[in-house]
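Okay, so here's just one chain, in structure tokens, the form predicted on its own.
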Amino acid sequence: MKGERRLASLMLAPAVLWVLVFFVLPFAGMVALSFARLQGRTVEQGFYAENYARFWSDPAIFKGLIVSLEITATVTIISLLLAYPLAWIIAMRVPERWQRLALLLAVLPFWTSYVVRSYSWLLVLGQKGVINNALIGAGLIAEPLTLSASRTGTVIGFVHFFVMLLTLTIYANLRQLPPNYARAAADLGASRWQTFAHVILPLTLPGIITGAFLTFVLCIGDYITPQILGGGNELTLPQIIMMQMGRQGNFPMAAALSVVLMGTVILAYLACARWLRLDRI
């Protein structure tokens, strides 16, 4: 037993060392920096809570977290509503020999550069973009709609990306469902809706929650899409963090906001983990 434990420890050592060097130590350094303060152009080390106090007291900075949460929640819900039917069609309606091709077509945008994809949406949603030109040409609107440089553009850009991610996680769960479950529910008199609501949906919750959490993490920490498609009319927390570093050189404040962002992600993870545990009870 001791030999097996020693072998297991040796096999785990590289992974543990990697996490310590590239995650734990940098995060600890960021937390320490968040309690420093900027005096002129000099960072004064110490244990000062003024950065966190400013986060709560400055409406413009605190609003950045609220905007990030609102956008993330909207993107997660819309992406889920679009991804579940798509995953269902691929898993249940597409013949098995064509499912790999269907998944490939569904995730094809992943192969495009993230920046290129955002700028492509800017061309589509702009004042003289494809959508506005088509609507004006059809006589449906007289003035161009404000789709880019707004929260709408940011949400559309995010949804385009995260629908693919949620489709994969939900599809994996749907493929693991034994078909006998649905047949048994039908034999017991359940309708298709009852079978979905009481059998299929609860069994696919792990895939839904996993995909929703990944969407939450990637969306709330994203800087590129809000910067390109949002137009800077309302700033997300990652944009404010970049402003603190790039324009003001206030690295302690940027570190404090990054810790707040990380804490939000941890709370989301704990909520998802608790939900999954309760679902299994």
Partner chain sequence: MKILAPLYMAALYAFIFLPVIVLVVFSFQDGRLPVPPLKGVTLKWYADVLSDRALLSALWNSLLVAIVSSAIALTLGFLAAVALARTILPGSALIRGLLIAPMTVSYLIIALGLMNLWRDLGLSVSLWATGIGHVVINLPLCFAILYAAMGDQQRSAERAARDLGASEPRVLWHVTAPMLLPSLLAAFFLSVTFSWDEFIIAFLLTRFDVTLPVEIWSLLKSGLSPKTNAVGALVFLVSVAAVIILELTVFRKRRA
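Numbering follows the first chain given and starts at 1. All values reported here derive from a predicted model rather than from experimental measurement. Think of the rigid core as the biggest set of C-alphas that the two forms share within 1.5 Å after superposition.
Not on display, but discussed next: the form predicted in complex with the partner chain.
Using a 4.5 Å cutoff between non-hydrogen atoms, Phe47 does not count as a contact of the partner chain in the model of the complex.
Although the partner is absent here, Phe27 sits close enough that one of its heavy atoms falls within 4.5 Å of the partner chain in the model of the complex. Although the partner is absent here, Pro109 sits close enough that one of its heavy atoms falls within 4.5 Å of the partner chain in the model of the complex. In the model of the complex, at least one heavy atom of Gly129 sits within 4.5 Å of a heavy atom of the partner chain. Of the residues in 117-153, those that come within 4.5 Å of the partner chain in the model of the complex through at least one heavy atom are, in sequence order, Arg117, Tyr119, Ser120, Trp121, Leu122, Leu123, Val124, Lys128, Gly129, Val130, Asn133. Positional change of Leu25 between the shown form and the other one stays under 2 Å at the C-alpha, relative to the superposed core. When two forms of a protein are overlaid on their rigid core, residues whose CA moves 2 Å or more are considered shifted, and Gly263 is not one of them between the shown form and the other one.
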